[in-house]
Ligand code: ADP
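Just the one chain here, laid out as structure tokens, in the form predicted on its own.
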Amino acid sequence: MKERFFLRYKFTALLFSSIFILSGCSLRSAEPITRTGFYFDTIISVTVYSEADAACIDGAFALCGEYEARFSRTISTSEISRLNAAGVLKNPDASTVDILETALTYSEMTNGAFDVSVAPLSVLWNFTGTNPSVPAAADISAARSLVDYHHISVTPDAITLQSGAQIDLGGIAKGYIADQLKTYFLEHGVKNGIINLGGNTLTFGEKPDGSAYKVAIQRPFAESGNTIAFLETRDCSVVTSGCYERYFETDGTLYHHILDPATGYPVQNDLYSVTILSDSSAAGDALSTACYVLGKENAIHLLQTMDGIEAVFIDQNEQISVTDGLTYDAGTGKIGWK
């Protein structure tokens, strides 16, 4: 049996141009303040365009560390790990309650296409392991029987799991955290910037010269930085889910990390990726997964019931299509708003 394993994280390239702001009677360059770090098993970056000092960015990264220590399924001391192990977590942190309530909202909204209780399947497939392989059909069936977000009960005083349910926040945590970082920056007077948590990209404000940010969408299965389309945006979350991010091949068959909760297997459809544009990065994170699971036609039906959510679909022929609120110019690769 021949196996090959690949690891690619959600990626969107950020393209910057020279920036100038008018200060008093003189024109001076507004140098971006950028910091990178390693959190959530990926490289993240934060860029701001103000006179915010390093302590402000340090505070944002400290928040990343706190959230990772609280939400990670693989850190044994985290609240999520302790909840999964014991089946109950008393007196949870308010942020744990908030993210789980948010996750349950999108689980319900998507009828389980995004299911926050997918951990039994995630653990079984182990796409982040050193040598993943296809689990036995009986094991997949057993794990799938435990996946049901209805078995999660959340109150401010306790979170309870029933019938063997376990939680994996991997499909929403980075989006949720990006939203919290945006709030943090705004509260500290930083009005313009970019938060990139391993490809969950959230822009707020605009460049100091008044122009929009440029965010590019990765070309599926290409080297990082090889982009297929781009958009100019202000105050927008851009999140992509695709089959090229984490996968392995066995006997010529590709098995990727986006699992269908209904079958227990990687989703099989004609999509390479789905990119969600939204105000909320948590929404974009959950919906990019759900829309990939649903497939293009059903995803469009779902998004038509929502306000302020648009999507970009890339199929296996690298053909790009967009929802009704967007435009796409195949000649330039530019995606715009109607």
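Residue numbers here begin at 1 and follow the sequence given. Bear in mind that the values here come from a model prediction, so they are computed numbers and not experimental data.
Here the subject shifts to the form predicted together with the ligand, a form of this protein not shown in this document.
Of the listed positions (V293, A60, I44, I276), a single one reaches within 4.5 angstroms of the ligand by any non-hydrogen atom in the model of the complex, namely V293.
Among P208, G170, P92, P120, the residue placing a heavy atom within 4.5 Å of the ligand in the model of the complex is G170. Of the candidate stretches 152 to 160, 258 to 266, 226 to 234, 129 to 137, only 258 to 266 has residues whose heavy atoms lie within 4.5 Å of the ligand in the model of the complex. Using a 4.5 angstroms threshold between heavy atoms, E245 counts as touching the ligand in the model of the complex.
When the ligand is considered in the model of the complex, A113 lines it closely, a heavy atom lying within 4.5 Å. The closest heavy atom approach of S281 to the ligand in the model of the complex falls outside 4.5 Å. Among residues of the shown chain, T203 is not one whose heavy atoms approach the ligand to within 4.5 Å in the model of the complex.
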